[in-house]
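Look below for two forms of one protein chain, each set out as structure tokens: first structure 1, then structure 2.
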Structure 1
């Protein structure tokens, strides 16, 4: 069963240097949270969809679509209810509050979808190498990429463990909160045991392949900033600045009359 988000393909997004993509992702996150009006986060969400198309990341996005849908709807509804405005719409909801809710929904959805597109078009090793190139020490970058690598492994073990215990009659859905919590013990113990075992195996395999044998190591992945990367990075930097400006100094794209 494949649970990785990365999709092997040769698209302009895949070819971009991971550092340029990381900067672009940062810009996306900042832009999304810069303003409350739904126009910008909504536009970003459309942009992410276009990028998903360019980067052939649909398969990975599809896998999180339920999550995106739930988060989008849930935050739109709750924030519409919690925020206050001036123009009544229906019941306790005002126009401003609804706009705010929609904006918050798009903020979350566009950042999650953007991260998924990033992971779908960037290999773990590229992320690690990119991090190293921007000055993160190798062990830290390696730990980060290994953590990304281990998540699917643990999820896979977790699925098997749930099936094994269900086969023995475990029913975690019924009962009160504490009862249900106690029922998770038969799941947690084997999951942790499996995690410890496979981490131990991994550590041995790393040692056996000479991990840390030389003070400097070679990076087989060759990263090179090409014109497209410079353009992307420059755009990303400009967007970061714009986002900061919008957030800190500008009143553009605010929702007039919104009371939080």
Structure 2
């Protein structure tokens, strides 16, 4: 079972420098939260779908499609009910509140989908090296890359444990949602035990290899900006500035009459 989001391919997104992709991801996150109107977040979601097609990341997006659907629908419904506006639509929902709810749903979905596309087109070691090259301390970059590596490992361990229990006759699929949740909870004990054992082994391996003994390190992966990377980085920087302007100084794409 493939538990990692990264997709091995040779696409324009894969060939970009990870630092340029990080800047574009930051721009996507800031643009998504810059305004309340759903037009911009919806357009960003369409852009993420285009990038997923270019980077051949559909397989990774399909694996989180249920999560994206649930988060999008739940956020839209929740904020449509709790936000307030001036134009009644139906029942307790106003037009402004519905627009805000749709915009919030697109914000969350586009940011999560964009992050998935980033992980699907960027290797873990490229992320770590890119963080170091932009000035992040090595221990912090190492911890971040290790977290990205261990999360799929723990998920895989959980899937293996559940499949092993099913092969022994344990029924975890019948019943309602809460019944199935109650059946899965005892299976988390061996997952946590495996996680503690793995982290302990990792800590001993780092100590045995003298982690942090030398302040100056050498790296196998060397990064170098090419013209496409400079264009991507410049575009990302322009989008970051635009997002900050829209959020702090502009009333464009705001929802008139919205009361949050």
Partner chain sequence: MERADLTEAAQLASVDGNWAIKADGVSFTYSGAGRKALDGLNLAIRAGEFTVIAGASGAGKSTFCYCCNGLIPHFVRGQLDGDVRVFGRSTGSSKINQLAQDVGLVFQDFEAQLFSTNVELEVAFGPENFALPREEIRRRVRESLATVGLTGLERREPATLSGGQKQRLAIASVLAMEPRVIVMDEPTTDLDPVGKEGVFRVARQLRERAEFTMVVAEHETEEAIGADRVVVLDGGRIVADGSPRAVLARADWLEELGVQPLGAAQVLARLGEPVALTVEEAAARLADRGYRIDPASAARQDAAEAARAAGYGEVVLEARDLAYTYPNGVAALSGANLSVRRGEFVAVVGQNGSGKTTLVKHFNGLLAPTAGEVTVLGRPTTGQSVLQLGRSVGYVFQNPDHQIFAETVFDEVAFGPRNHGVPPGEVKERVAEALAAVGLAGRDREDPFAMTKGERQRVAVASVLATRPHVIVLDEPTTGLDYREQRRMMDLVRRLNEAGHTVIIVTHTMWVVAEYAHRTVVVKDGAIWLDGPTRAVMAREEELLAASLKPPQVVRLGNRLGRAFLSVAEAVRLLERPEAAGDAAPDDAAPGRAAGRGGRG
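Quantities reported herein were computed from a predicted structural model and do not represent experimental measurements. Numbering follows the first chain given and starts at 1. We call the rigid core the largest set of C-alpha positions that still match within 1.5 Å between the two forms.
Annotation: structure 1 represents the form predicted together with its partner chain, while structure 2 represents the other form. Core-aligned CA deviation for residue 71 between structure 1 and structure 2: less than 2 Å. Core-superposed comparison between structure 1 and structure 2: the CA of residue 235 stays below a 2 Å shift. Once the cores line up, the CA of residue 203 ends up 2 angstroms or more apart between structure 1 and structure 2. The Cα position of residue 212 changes by 5.5 Å between structure 1 and structure 2 once both are aligned on the rigid core. Lined up on the core, residue 192 has its CA atom moved by 2.9 Å between structure 1 and structure 2.
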